[in-house]
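Before any questions on binding or motion, here is one chain by itself as structure tokens, the form predicted on its own.
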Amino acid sequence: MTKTSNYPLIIIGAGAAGLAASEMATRRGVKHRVLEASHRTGGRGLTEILADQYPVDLGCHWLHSGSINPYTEWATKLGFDYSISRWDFSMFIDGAWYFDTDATAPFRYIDEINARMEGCQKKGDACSQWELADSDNKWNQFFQYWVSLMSSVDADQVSILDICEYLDTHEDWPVMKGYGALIARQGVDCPVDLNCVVTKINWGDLPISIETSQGVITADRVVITASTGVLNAGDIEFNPKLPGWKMEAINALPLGNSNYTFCTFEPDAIDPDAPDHILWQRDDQTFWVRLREFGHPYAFTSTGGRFAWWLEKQGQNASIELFSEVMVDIFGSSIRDKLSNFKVSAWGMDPWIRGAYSAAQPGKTGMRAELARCIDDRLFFAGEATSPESFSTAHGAYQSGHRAINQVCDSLS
């Protein structure tokens, strides 16, 4: 006798991919539940309130490639305003404002490296970005920092073939009420069970048995949106074990790390004519400092790659002190006592995520497609790491959730 499952479909994870999968499953009439280990939805999208009044994003922050980003339509529909204005920046290097060249020089250097990457891509060269850089170039330090923000790993840890596949319209639009809040609002009607930690998936027979902190549930199909950080750590046991080709894809797409530090400043602390975007550099450190987003009196900066991992492990006070020193270097010692309400993200220590976003290791090709490939029409995979051209983004995760449900429906027909 065939056993009856609790649900035709179970979705694991209520981040952007899981919520989008739930949305599509509802649209296509597939009964399902979403199991989320955390106390909240949104995954790597997280909006918190700074100083009890300013929404700030500790995770995904911009509507990347805004004109083709599906969340842009959701933002319009749900009343989440976003900014499409372009911005300029100034440079503060080694203790002084830098006026010897135009502000586009650092990005022209990046454009040079991008051109080299395209040439290597045509040859099928799977080298790292580091191998194409000029160590003696004035802007190489900025390039290394920029890569750590874009890929969440350092330049020697990411394949140029992966980077060249990314679809970028160069439209990065911040969301006034918060991108994380938008993701959570988009999925507010999804049938999510919070604080439901999946520990084991027994998928050798049907129905699939899923062991959780709230008991056992069975399903005909499972969509897994857990990050490669969680999957690499073995936090979810698979019985039988995942096939070698799937594990190779998971291992080839590890999560790097990227964190934000925010703080408010008193209205008279910074000259109103001071630039809102500052490239700060001293010795071997580089930061991108942003001020007064949406006109609000707060500042923030980003770290990425190995440095983000190291700094996170030192604790929040280390990030606060470092950012304070940067602000003092730019605006003088009097600003120190006018900074307050610090917030620091720590994605590496989040047990349900374990990092920022995925980066394909040098020498590895085609791994995103392998990660997205289903197993025996039973286990389906979604998440930003499975996106071939919009990885590292919330909208890439969203699109992957839709794709996975369409695959599920094809398997059920």
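Start at 1 with the first residue shown and count on from there. Keep in mind the model is a prediction, meaning the values are calculated, not measured.
This protein has a second form, the form predicted in complex with a small molecule, left out of what is shown; the following refers to that one.
Q: Select from the listed residues Y260, F331, F143, F287 the one whose heavy atoms reach within 4.5 Å of the small molecule in the model of the complex.
A: Checked against the cut-off, the match is Y260.
Q: Although the small molecule is absent from this view, report whether H64 comes within 4.5 Å of it in the model of the complex, heavy atoms only.
A: Close contact exists here: in the model of the complex, H64 approaches the small molecule to within 4.5 Å, heavy atoms only.
Q: Against the small molecule in the model of the complex, would I12 count as a contact residue? Criterion: heavy atoms within 4.5 Å.
A: Heavy-atom contact with the small molecule at 4.5 Å: present for I12.
Q: Taking the small molecule as it sits in the model of the complex, is F381 in contact with it (heavy atom to heavy atom, 4.5 Å or less)?
A: Result no; F381 lies far from the small molecule in the model of the complex.
Q: Examine S151 and determine whether its closest non-hydrogen atom to the small molecule in the model of the complex is within 4.5 angstroms.
A: Taking the distances in the model of the complex, the answer for S151 is no, it never comes within 4.5 Å of the small molecule.
Q: Heavy atoms within 4.5 Å of the small molecule in the model of the complex: which stretch in 360 to 368, 373 to 381, 40 to 48, 22 to 30 meets that?
A: After filtering at 4.5 Å, what remains is 40 to 48.
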